[in-house]
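Just the one chain here, laid out as structure tokens, in the form predicted alone.
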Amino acid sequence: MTARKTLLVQIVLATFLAAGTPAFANKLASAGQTQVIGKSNIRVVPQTDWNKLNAKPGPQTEVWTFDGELLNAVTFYTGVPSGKPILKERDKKNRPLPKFAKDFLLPDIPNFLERTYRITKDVSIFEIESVSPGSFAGHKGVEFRYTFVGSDDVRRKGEASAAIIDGKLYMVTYEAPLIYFFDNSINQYRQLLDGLSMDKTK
């Protein structure tokens, strides 16, 4: 068996194990129907069906996937306030997570995500490949691409867009194994990103 096939088998087996737990329960985000992200004022109309996972890695997060979180995951961060981490604390006393600050500059956000992942995902390697101006739901923001290796030793590739709006962090990330899965779903992620809007009435 080639190294590539071995890696794919490991990832798929891990995904099936995850599917047997309550955390994998999900709801369908149907194509063509407006979806409200969590309890936020962010909306999107997906062009393909997605699965919304019930498990939330943070108070202001929502995760969507096609094939399982280990194979492809879009994570929405919707209005993280200043002084709070973007993900749940696992060991606040010994390994506290970095906190978002409203005075962050947009170029600070990729490094902020890296510092968070090194703790929450036990990331040993995190490489920021590019950072450029971008947008989030029509607001000026930053776009960045990165790769990382977590505790499962699988190299994943990520693409993210973020903005600081009214002193809060809004961000969406797409992550998948570098081999096959990232390229297989990247266009669907970009369709979601292009369709994000913010309801100003909330």
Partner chain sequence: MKAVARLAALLTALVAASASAAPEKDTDWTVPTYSGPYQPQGIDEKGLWALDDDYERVLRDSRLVIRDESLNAYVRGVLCRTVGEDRCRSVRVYVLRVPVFNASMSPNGTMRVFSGLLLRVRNEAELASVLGHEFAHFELRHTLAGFKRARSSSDLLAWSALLGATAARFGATNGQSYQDLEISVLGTLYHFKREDERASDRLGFSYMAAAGYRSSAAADVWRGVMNEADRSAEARGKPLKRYDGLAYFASHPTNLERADSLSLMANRVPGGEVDNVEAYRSALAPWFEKFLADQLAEGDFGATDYLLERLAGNNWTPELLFAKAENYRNRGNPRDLVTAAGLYRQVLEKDAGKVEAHRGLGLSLLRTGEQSAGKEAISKYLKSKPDAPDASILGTMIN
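Note that the coordinates shown come from a computational prediction; the quantities given were computed from them, not determined experimentally. Residue numbers count along the first chain shown, from 1.
The same protein has a further form, the form predicted together with the partner chain, not shown here; the description that follows concerns it.
*Look at the stretches 168 to 176, 147 to 155, 37 to 45, 64 to 72 and give the one with heavy atoms within 4.5 Å of the partner chain in the model of the complex.*
Residues of 147 to 155 come within 4.5 Å of the partner.
*Please pick, from L53, A137, A29, V142, the one residue with any non-hydrogen atom lying within 4.5 angstroms of the partner chain in the model of the complex.*
Contact residue from the list: V142.
*Does any heavy atom of P96 come within 4.5 Å of a heavy atom of the partner chain in the model of the complex?*
Although the partner chain is absent here, P96 would touch it in the model of the complex, with heavy atoms inside 4.5 Å.
*Check whether R118 has any heavy atom within 4.5 Å of a heavy atom of the partner chain in the model of the complex, and answer yes or no.*
Close contact exists here: in the model of the complex, R118 approaches the partner chain to within 4.5 Å, heavy atoms only.
*Heavy atom to heavy atom, is P107 within 4.5 Å of the partner chain in the model of the complex?*
Flag for P107 set to yes.
*May I ask you to check whether E89 falls inside a 4.5 Å heavy atom distance of the partner chain in the model of the complex?*
Close contact is absent here: in the model of the complex, E89 is far from the partner chain, nothing within 4.5 Å, heavy atoms only.
*asked:* Going through 129 to 148, which residues have a heavy atom within 4.5 Å of the partner chain in the model of the complex? Please give them in sequence order.
replied: Read in sequence order, the residues that approach the partner chain (within 4.5 Å, in the model of the complex) are E129, S130, V131, S132, P133, G141, V142.
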